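Below, in structure tokens: the form predicted alone, a single chain.
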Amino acid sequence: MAGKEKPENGKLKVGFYNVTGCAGCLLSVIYTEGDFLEFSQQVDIVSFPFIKEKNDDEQELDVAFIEGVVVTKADEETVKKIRERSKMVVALGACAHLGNIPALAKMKKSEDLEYLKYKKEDFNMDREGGPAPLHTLIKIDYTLPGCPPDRDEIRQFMKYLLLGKTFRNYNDPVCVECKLRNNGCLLDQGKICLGPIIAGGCKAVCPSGGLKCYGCRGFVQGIDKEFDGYFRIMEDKGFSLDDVKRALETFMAIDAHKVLDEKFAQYQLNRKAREESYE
């Protein structure tokens, strides 16, 4: 396993699961095509309801991949049970990682969302606490971020699992990938973009198409000091903190506001200190 020794006897026991979601991230795993076929031949896929008719939901697992956001009480029970019987859990995609669009429900009045609810007795969206990414409920060992995850990153992760090597996510900002592709900066074009504070690994697919970075891969890890510079740039370009918040809400509704409020408060303190030092 990534960062751990393979089992002494037999193949790695692997499971693929989804809670509330579109199954697009599981499709991304399958769409690695020959790589997934090779992977499936070298491990024991205990459960993959999306493509397998017979699945074992009781056997202990070496690795569990979980796609989707926890929306129902059944979802919560499912992910907790998977965690209990798995040595390693991988959050697959932006819903599992960040909460994604379903997490916007936490920022809306419940009556405004009635039209979105399934009219089924066995589908109860009234889980206490509302929609939640996996890390708020269970321990996550690895994350394959994105909406959907990058197929090359999935390929690399599967290879690392088979080799027993430690996997590390790409952690340079999207801006680095834009530069590698000679993209013009959207901020210079008067468009809001989150690239300076969002982890790349997506090949800058949105900015390369002239679209802003929406933050589907989450904040770059360890960039606390960089927020100060980012807010200064955004103010220079005429964007407010609320503009940045709205851009981040699509994929990071749960964490974005808290993080940005804290970072912006520090930025204001730093700016005040700079102004006073000039006097």
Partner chain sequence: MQKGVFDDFVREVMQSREFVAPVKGDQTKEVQESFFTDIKDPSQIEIGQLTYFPIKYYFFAKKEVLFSFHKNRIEEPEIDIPERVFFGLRLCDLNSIKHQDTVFLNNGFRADPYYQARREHSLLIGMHCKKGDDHCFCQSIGLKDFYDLMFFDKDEHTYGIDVGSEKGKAFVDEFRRFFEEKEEGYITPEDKVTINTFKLDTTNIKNLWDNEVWSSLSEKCTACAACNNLCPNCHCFTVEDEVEVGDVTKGQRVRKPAACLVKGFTRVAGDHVFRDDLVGRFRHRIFHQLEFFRDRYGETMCTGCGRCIRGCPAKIDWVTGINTAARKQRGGQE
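Residue numbers count along the first chain shown, from 1. Keep in mind it's a predicted model, so treat the numbers as computed, not measured.
Absent from the display: the form predicted in complex with the partner chain. The rest refers to it.
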Quiz item: Picking from 78 to 86, 135 to 143, 93 to 101, 202 to 210, which part of the chain touches the partner chain in the model of the complex when contact means heavy atoms within 4.5 Å?
Solution: 202 to 210
Quiz item: Wondering, does Lys245 line up within 4.5 Å of the partner chain in the model of the complex on heavy atoms?
Solution: no
Quiz prompt | Non-hydrogen atom contact Asp224 with the partner chain in the model of the complex at 4.5 angstroms | solution = yes
Quiz item: Is the gap between Phe219 and the partner chain in the model of the complex 4.5 Å or less for some heavy atom pair?
Solution: no
Quiz item: Given that the partner is absent here, does Ser240 sit within 4.5 Å of the partner chain in the model of the complex, heavy atoms only?
Solution: no
Quiz item: Only one of Asp56, Asp44, Glu249, Asp228 has a non-hydrogen atom within 4.5 angstroms of the partner chain in the model of the complex; which is it?
Solution: Asp228
Self-check item: in the model of the complex: members of 34 to 71 within 4.5 Å of the partner chain, any heavy atom
Solution: Asp35, Glu38, Phe39, Gln42
